[in-house]
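Only one chain is given next, in structure tokens, and it is the form predicted on its own.
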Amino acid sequence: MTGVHQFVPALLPRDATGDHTLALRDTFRSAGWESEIYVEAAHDELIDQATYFERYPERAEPGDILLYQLGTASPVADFLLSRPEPLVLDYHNVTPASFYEGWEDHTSEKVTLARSQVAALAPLAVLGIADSAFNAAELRRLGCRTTAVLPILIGRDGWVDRVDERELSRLFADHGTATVLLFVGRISPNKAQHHLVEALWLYRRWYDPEARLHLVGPAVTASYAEAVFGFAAELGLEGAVRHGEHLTPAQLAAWYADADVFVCVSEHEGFCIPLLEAMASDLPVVAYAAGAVPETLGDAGILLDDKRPSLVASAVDRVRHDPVLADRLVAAGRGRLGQFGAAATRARFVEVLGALAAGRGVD
């Protein structure tokens, strides 16, 4: 029997890579394959779903395929370098260290290590799976001979039907009819939230003096997060920039439902799941065309080749005051979502891994 076993540095709840890993495990089992999850660490909520990676050798079987969910540095990478089984990399991108220089030395060192591990593993992998062509190109540059582009399984089917109405009412009571700009993503230098603060300042001067900016995501780079909110205070925007953290899925859906425009000026994205969440929430998108953003967004938003705050502010105002344009973007987003459907993605994973197990080439 085919065995496709996943390795992941950390298995976490309410986490994109964690959800993807669990969904793949269930997909492989539904195909009749053996499939377990091996980890360096697991959250208490999921500890019964995982086994520590050091135990794999005692369970190894002939014909096993090892699939590594690669997005951060981990001893798991060194372990896999020593294994004889066919290795598949499911690559979710690692942010370049240059974004963290001057902000957090330990984070810069960690991502440098992670990228060196990608470079070591890529030439050994029999297949590199990437959730975007942007990521696949990076794997090929590092020596991965065969790649396939398969979207991440995000598990958001029907999630907008579970909006936390109390949270939605609370948000609206705070800002009323003011324009709300939303960005979802960890507060980190590569996400460039400071440019969103600048865009809000101009938007309030030119278009709506009561406009708000909602930033949702963990403050993973503490020094940068402090700088972002300190910058907002210096511009007189302290009460206009709100931070949402540790939200339940239903609360997150409420923050999307409350917003008027999703705005992304990130400088490095390997896929950008929040773009799909915005589409699922019928929220128009304005985004800077960096990394994988253009291929994820497609025609479902306004793509900017420059992220000057003045240009961002004017693009947001255009969406706000052109209902025909806004409706067209929302409709395009609904159509775009169909290309990332979970059922098709699961079937494609089975097809690709099945071909590999049978010794056939991957199309």
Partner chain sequence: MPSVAPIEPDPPVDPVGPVDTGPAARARYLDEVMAEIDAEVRRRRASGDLPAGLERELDELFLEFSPVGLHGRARLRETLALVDGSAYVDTAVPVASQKAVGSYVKRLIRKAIGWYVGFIVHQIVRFAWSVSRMFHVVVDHVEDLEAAVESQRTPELPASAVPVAGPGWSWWSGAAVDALAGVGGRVLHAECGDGTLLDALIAGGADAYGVDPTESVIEPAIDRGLDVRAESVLGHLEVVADEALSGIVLSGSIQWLHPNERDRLETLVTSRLAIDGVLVLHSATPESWTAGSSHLISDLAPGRPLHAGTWSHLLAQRGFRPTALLYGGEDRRLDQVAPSNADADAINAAIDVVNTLLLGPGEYLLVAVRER
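Treat the numbers as computed from the prediction; the structure is a model and nothing was measured. Positions refer to the first chain, counted from 1.
A second form of this protein, the form predicted together with its partner chain, is not displayed here; the remarks below concern that form.
Chemist: In the predicted bound form, does R328 have a heavy atom within 4.5 Å of its partner chain?
Modeler: Yes, R328 is a contact residue.
Chemist: Is the gap between R59 and its partner chain in the predicted bound form 4.5 Å or less for some heavy atom pair?
Modeler: No - in the predicted bound form, heavy atoms of R59 and its partner chain never come within 4.5 Å of each other.
Chemist: Hey, in the predicted bound form, does H321 get a heavy atom within 4.5 angstroms of its partner chain?
Modeler: Answer no; every heavy atom of H321 is more than 4.5 Å from its partner chain in the predicted bound form.
Chemist: Does at least one non-hydrogen atom of E54 fall within 4.5 angstroms of its partner chain in the predicted bound form?
Modeler: E54: no contact with its partner chain in the predicted bound form.
Chemist: To verify the annotation, which of these, G102, P209, G239, P75, has a non-hydrogen atom within 4.5 Å of its partner chain in the predicted bound form?
Modeler: Selected option: G102.
Chemist: In the predicted bound form, which of 131-139, 261-269, 110-118, 201-209 comes within 4.5 Å of its partner chain (heavy atoms)?
Modeler: Of the options given, it is 201-209.
Chemist: Which of the residues spanning 301-323 lie within 4.5 Å of its partner chain in the predicted bound form, based on heavy atoms?
Modeler: If the 4.5 Å heavy-atom criterion is applied to its partner chain in the predicted bound form, 301-323 yields G301, I302, L303, L304, R308, P309, S310, L311, S314, A315, R318, D322.
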